[in-house]
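Below you'll find only one chain, the form predicted on its own, shown as structure tokens.
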Amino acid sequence: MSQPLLDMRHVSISYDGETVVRDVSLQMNPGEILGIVGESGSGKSTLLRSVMGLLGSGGSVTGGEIFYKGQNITHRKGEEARKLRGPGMGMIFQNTGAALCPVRTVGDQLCECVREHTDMGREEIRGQAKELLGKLGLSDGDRILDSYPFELSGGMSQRAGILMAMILKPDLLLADEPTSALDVTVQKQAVREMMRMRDLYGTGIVVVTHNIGVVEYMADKIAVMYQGKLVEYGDAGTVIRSPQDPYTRKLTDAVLRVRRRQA
């Protein structure tokens, strides 16, 4: 059996001494899609940020270990953590606008990001970026790349963030509510493009969302978080069809499924 791409063992996370995630164990293999669902404040995004080493001030992993391709990355910071990002791990943030520098164009930031990890030239980077933006439903790639973040709508800014995370074809893509700022049509395009990356490049994906309908469509495995704890975890079909925890049953019952009336 292949080595796990991501292996979280009994992970606990605290902010300023207060435990917000307790004893979470998850594992995924290369090319798998893991969906993490739960309501706001359940610890989903915190768990994702711990993998990237982006817990911020006051946040730390206080128990357990996180392994990426067999390497213990639990406490990697600074330059060690930066080297893992890009072709290794990419992240789509829930609020891309806040993650981008407001005084530099999207294209400049994208080129800087790619050049940190490859020797691609500016025109090659822009060409690949415009191709990917087209797949996300945006035909005016030059305008977007030459825009400052504040000149873009929320939906366009989010797709720019998806572009920056995906352009280096990372082995592991971490997506924090990647479709929350997008309308329904564009949500579908973004989800399909992420799944296409898995099919073409074997990218493993962890998608965090409160929308269990998204993970029902995407995921091979589902993890359900509630109040900082993992309450259910397993094969996606089994979790959806036969949930064991009352909270999971509540989530699955809330998924809107519209059936056409028979004449």
Partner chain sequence: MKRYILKRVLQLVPILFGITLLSFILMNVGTADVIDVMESSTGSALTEEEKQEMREELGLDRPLPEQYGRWLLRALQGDMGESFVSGRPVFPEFVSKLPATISLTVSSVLVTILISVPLGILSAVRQNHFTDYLIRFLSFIGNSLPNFFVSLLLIYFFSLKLGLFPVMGSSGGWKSIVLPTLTLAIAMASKYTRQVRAAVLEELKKDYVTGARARGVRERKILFGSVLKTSMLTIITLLALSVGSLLGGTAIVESIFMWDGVGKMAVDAIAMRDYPVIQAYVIWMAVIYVVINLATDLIYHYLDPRIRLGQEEA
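Under this definition, the rigid core comprises the largest set of C-alpha atoms superposing within 1.5 Å between the forms. Numbering follows the first chain given and starts at 1. Fair warning: this is a prediction, and the values are worked out from it, not measured in the lab.
One more form of this protein exists, namely the form predicted together with its partner chain; it is left out here, but the text below deals with it.
- For the chain shown alone, residue 236 is not a contact residue for its partner chain in the predicted complex, no non-hydrogen atom being within 4.5 angstroms.
- Contact check for residue 155: no non-hydrogen atom falls within 4.5 Å of its partner chain in the predicted complex.
- Looking at residue 102, you'd find a heavy atom of it within 4.5 angstroms of its partner chain in the predicted complex.
- In the predicted complex, no heavy atom of residue 126 sits within 4.5 Å of its partner chain.
- A heavy atom within 4.5 Å of its partner chain in the predicted complex is found for exactly one of 73, 138, 91, 145: 91.
- For the candidate set 119, 112, 131, 80, a heavy atom within 4.5 Å of its partner chain in the predicted complex is found for exactly one residue, namely 112.
- For the three marked residues, 63, 171 and 229, no heavy atom of any sits within 4.5 Å of its partner chain in the predicted complex.
- Heavy atoms within 4.5 Å of its partner chain in the predicted complex map, among the stretches 65 to 73, 197 to 205, 52 to 60, 25 to 33, onto 52 to 60 alone.
- The partner is not shown here, but in the predicted complex the stretch 145 to 162 reaches within 4.5 angstroms of its partner chain through a heavy atom at 148, 150, 151.
- Core-superposed comparison between the shown form and the other one: CA of residue 72 displaced by less than 2 Å.
- Once the cores line up, the CA of residue 191 ends up less than 2 angstroms apart between the shown form and the other one.
- After superposition on the rigid core, displacement of the C-alpha of residue 160 between the shown form and the other one amounts to 2 Å or more.
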